[in-house]
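Before any questions on binding or motion, here is one chain by itself as structure tokens, the form predicted alone.
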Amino acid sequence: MILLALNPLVTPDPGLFIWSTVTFLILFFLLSKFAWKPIVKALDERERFIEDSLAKAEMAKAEMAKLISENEDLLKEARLKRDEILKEAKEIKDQIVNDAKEQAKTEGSKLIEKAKIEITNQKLAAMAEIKNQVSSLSIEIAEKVLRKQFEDQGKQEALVNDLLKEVKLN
């Protein structure tokens, strides 16, 4: 304790205490008169700016969430439309293929029928041609046979007499 009583830093000095208090009060008065209002005003402005920024950030976040939700809805709708269009396209393709098959069957049947008719006509024409050729050949053969037979005058008279007898008999 003896050391504390002798140390000037630890012992209170009334003059120093009074001057320190007066200096503090003057400094406090000057700060409150000139510096306190601008500092408080700057702090208030800073606080409002931060609050506005936070509010804007919240609004932007809400807007972004809304846009993301709308985008997801649009994507879902677009996917549904795409699936519907693909389904319709497949149905149209299947219909076109079925129509083409039916048309091909119909055309094939018509062509087969035409071919059968054409074959029948060709067959009839060939038969008629063969008959004409057979009759022409028969006539030529008969003519040659008759010429051979009629070369002899006696044979001609005998044939005529035989024919006359047959005619008279009938």
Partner chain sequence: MDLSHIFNTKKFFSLAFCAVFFSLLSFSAFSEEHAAADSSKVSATEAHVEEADEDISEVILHHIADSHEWHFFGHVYIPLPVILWTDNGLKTFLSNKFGHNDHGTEILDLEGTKLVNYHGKYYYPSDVKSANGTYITYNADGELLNKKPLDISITKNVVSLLISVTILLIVFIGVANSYKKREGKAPKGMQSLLEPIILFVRDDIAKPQLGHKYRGFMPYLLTIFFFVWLNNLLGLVPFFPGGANVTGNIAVTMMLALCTFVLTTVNGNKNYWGHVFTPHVPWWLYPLMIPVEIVGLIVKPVALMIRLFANITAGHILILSLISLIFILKSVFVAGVAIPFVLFISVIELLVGFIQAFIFTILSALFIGMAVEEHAEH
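Positions refer to the first chain, counted from 1. Remember, predicted model here, so these are calculated numbers, not experimental data.
The protein also exists as the form predicted together with the partner chain; that form is not presented, and the subsequent description refers to it.
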> Picking from 22-30, 60-68, 130-138, 103-111, which part of the chain touches the partner chain in the predicted complex when contact means heavy atoms within 4.5 Å?
Replying inline: 22-30
> Heavy atom within 4.5 Å of the partner chain in the predicted complex: which of Val40, Val145, Ala115, Ala125?
Replying inline: Val40
> Lys56 near the partner chain in the predicted complex, any heavy atom under 4.5 Å?
Replying inline: no
> Is there a heavy atom of Ile18 no more than 4.5 Å from a heavy atom of the partner chain in the predicted complex?
Replying inline: yes
>> How about Gly154 - does it come within 4.5 Å of the partner chain in the predicted complex, if we only consider non-hydrogen atoms?
In response: no
> Though only this chain appears here, would Asp44 touch the partner chain in the predicted complex if you measure heavy atom gaps against 4.5 Å?
Replying inline: yes
